[in-house]
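Only one chain is given next, in structure tokens, and it is the form predicted on its own.
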Amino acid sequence: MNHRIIFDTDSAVFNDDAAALAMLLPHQDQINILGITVVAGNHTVAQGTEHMLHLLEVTGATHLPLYLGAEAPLLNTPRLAAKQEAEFGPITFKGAFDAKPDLCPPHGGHFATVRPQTTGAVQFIINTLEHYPNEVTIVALGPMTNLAMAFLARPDLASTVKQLVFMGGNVRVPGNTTRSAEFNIWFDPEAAAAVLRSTIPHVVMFGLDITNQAPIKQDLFNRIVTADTPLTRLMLHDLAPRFISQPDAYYYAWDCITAAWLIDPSIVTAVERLPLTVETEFGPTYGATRVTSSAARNVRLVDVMLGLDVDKFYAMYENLLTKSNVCGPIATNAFSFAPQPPDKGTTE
């Protein structure tokens, strides 16, 4: 499969969004990344942008343009999240809602020299769909606020998207932010609902049902960081702290499974086309993705990925993240690891 893609991300230091991009970069003959759009989610747009620009320098991919997107969800707010938690129980991760006001330099202590484009993410999405009708795959690895804003401004363009591939949601497993909801959808349920109501012809979902199947444990992590490249040093910095006091810990590589499928669709072993809606009524199930009657209103048939060739994914993950030459010459930034608290907890 060959793809022209818009890579829409709420990137944090490394783990899943940035690692997913790093996995795609060696396949640019197959995966033509037209641009990277940043949205609030794991971090604020400003902080997520700095982490993503740093990754582009580390991987030698500074030719890829990056665009600043929505700084807040359509309706969800820190105050609403606090109210939901007070009334209905814990929210395990609030992402940008808990962000500190100060902008921190990425690993290494220096901001990247490459900077974002002056065009905003929403306008870039609109321009790109106009330029490449029926050719663009949108890969949404964070909340769908940028996409919702683009299609609210230009609803006619949704039907010109080749396909939407998103990481988010859950249908037969519990949520990871609330008991009912997965983080990316919970952070901006109204945006996800709007996008799923749009006329995009084909939608593919990588939810917790499939991403939970491949936890990254210490033995695999150790093999990868032993390669000692600028990329694996960044990975070490971000993820090693969780193994220091808890050797049996693990993390999930949510977005990386989406990236692996774009490279090799055979890693998915089971898929069902299901009618989905997003819960936008405030309450304990706010942000949940629900399988519902196909005759109901606001229902979208979605290809929900449910089965994973775990061994094939692990092999691809290890191989792509240990490549010494990710995208042309790799930047020679010097990194060192000092134990510190993890940058994030349950994030995607």
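Note that residue numbering follows the sequence shown and begins at 1. Owing to the predicted nature of the structure, the values given are computational and were not obtained by experimental measurement.
Just so it is clear, the following notes concern the form predicted together with a small molecule, a form of the same protein that is not shown.
- Among 116-124, 177-185, 69-77, 145-153, the region lying within 4.5 Å of the small molecule in the model of the complex by heavy atom distance: So the stretch in question is 177-185.
- So which of F93, W261, F97, Y132 reaches within 4.5 angstroms of the small molecule in the model of the complex, heavy atom to heavy atom? Looking at the other structure, the residue within range turns out to be F93.
- Is N42 one of the residues lying within 4.5 Å of the small molecule in the model of the complex, judged by heavy atom distances? It does: once the small molecule is placed as it appears in the model of the complex, N42 has a heavy atom within 4.5 Å of it.
- Even though the small molecule is not shown here, does L231 get within 4.5 Å of it in the model of the complex, heavy atoms only? No, L231 stays farther than 4.5 Å from the small molecule in the model of the complex.
- Query: With the partner left out of view, is A191 within 4.5 angstroms of the small molecule in the model of the complex by any non-hydrogen atom?
  - Reply: No, A191 sits far enough from the small molecule in the model of the complex that none of its heavy atoms falls within 4.5 Å.
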